[in-house]
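Okay, here we've got a single chain as structure tokens, the form predicted on its own, with questions on binding and movement later.
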């Protein structure tokens, strides 16, 4: 059992790894435990917003990932029924106030991989894969963690334990923290193809949102593992449609062809299907257990706010926890972390993603038109566009959290 002063993080996704790096750079020893074997190839999130890029820049990570991602300063909202471009937003308009006036399309598994490769050193930044946490015991001034490992059980001692282990968090459940909210009836399906959509559709940008009363779609481009990149479409799956039907060859081709008809089948690189929740933990801190990312809050992916909000959690927590661990601040500072980041999750991420989904799927023609008219009016002026882009990039949520 590790006996030195140390923070243990459960979950080696992008949020857990960013939190570990931020703590380690402030002189805190960390151990990261990940249930999956390396490499972790989670394909879900892929958009890093300007506010997040600034944080990664401060950590020294951005210089590594920048040349490997796709820059997406412009994003579109479209009406699929008419083919009309409803509104265009260009983050380049905010170049005078943003250090990075664009979104970087960079898959989350690559960020995890890059941090581990560059910084993990098996001592003060220790990352251990194939370690499934099975028990957590809070003692008076430390936490005991038991994990199943390839060669048997291992025990770890932590001054503080951080749960970054996803929506089904073992850490959150062990601390008996309620996860308040709801689960959508429909699931989401992600389909990746090497078809180059901008050849038949040169008007498309790297981030496209298609509103449709029958079947909306988000269409984004990522680099993938190839220079030419991949396009990823996210669609809703009806409650009466089975996973097997949705992910079958016929089901995938039907979905793609209905939205983007072309001659011949699409070549599909991968398909993922997942349940979607809107939930927030009742607290992000209980004793010496803290929550970040999906362990603390989950939301639908429309707008790409989940991973970004989680990284914002990680940076906020690392700043405060490092002071507590080093004796520079009382541990009540961790209650401020919980208050600030829970406010950001509830008032901004949850509210905005629920609204995004409502706009994308609205069936009532009058209400659909009202959504579009509201977006157009807001985009008529620079002040309106600026307000929308700052909110979408989670800049407003960061400023509000600071005041909490």
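Keep in mind it's a predicted model, so treat the numbers as computed, not measured. Positions refer to the first chain, counted from 1.
Not pictured, yet referred to below: the form predicted together with a small molecule.
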| property | result |
| --- | --- |
| Candidate from 119, 274, 204, 179 lying within 4.5 Å of the small molecule in the model of the complex - any heavy atom | 274 |
| Stretch in contact in the model of the complex with the small molecule, which is absent here, among 66-74, 30-38, 359-367, 375-383 (heavy atoms within 4.5 Å) | 30-38 |
| Proximity of residue 236 to the small molecule in the model of the complex, heavy atoms at 4.5 Å | no |
| 4.5 Å heavy atom contact, residue 208 to the small molecule in the model of the complex | no |
| Residue 132 within 4.5 Å of the small molecule in the model of the complex, heavy atoms | yes |
| Contact flag, residue 164 vs the small molecule in the model of the complex, heavy atom cut 4.5 Å | yes |
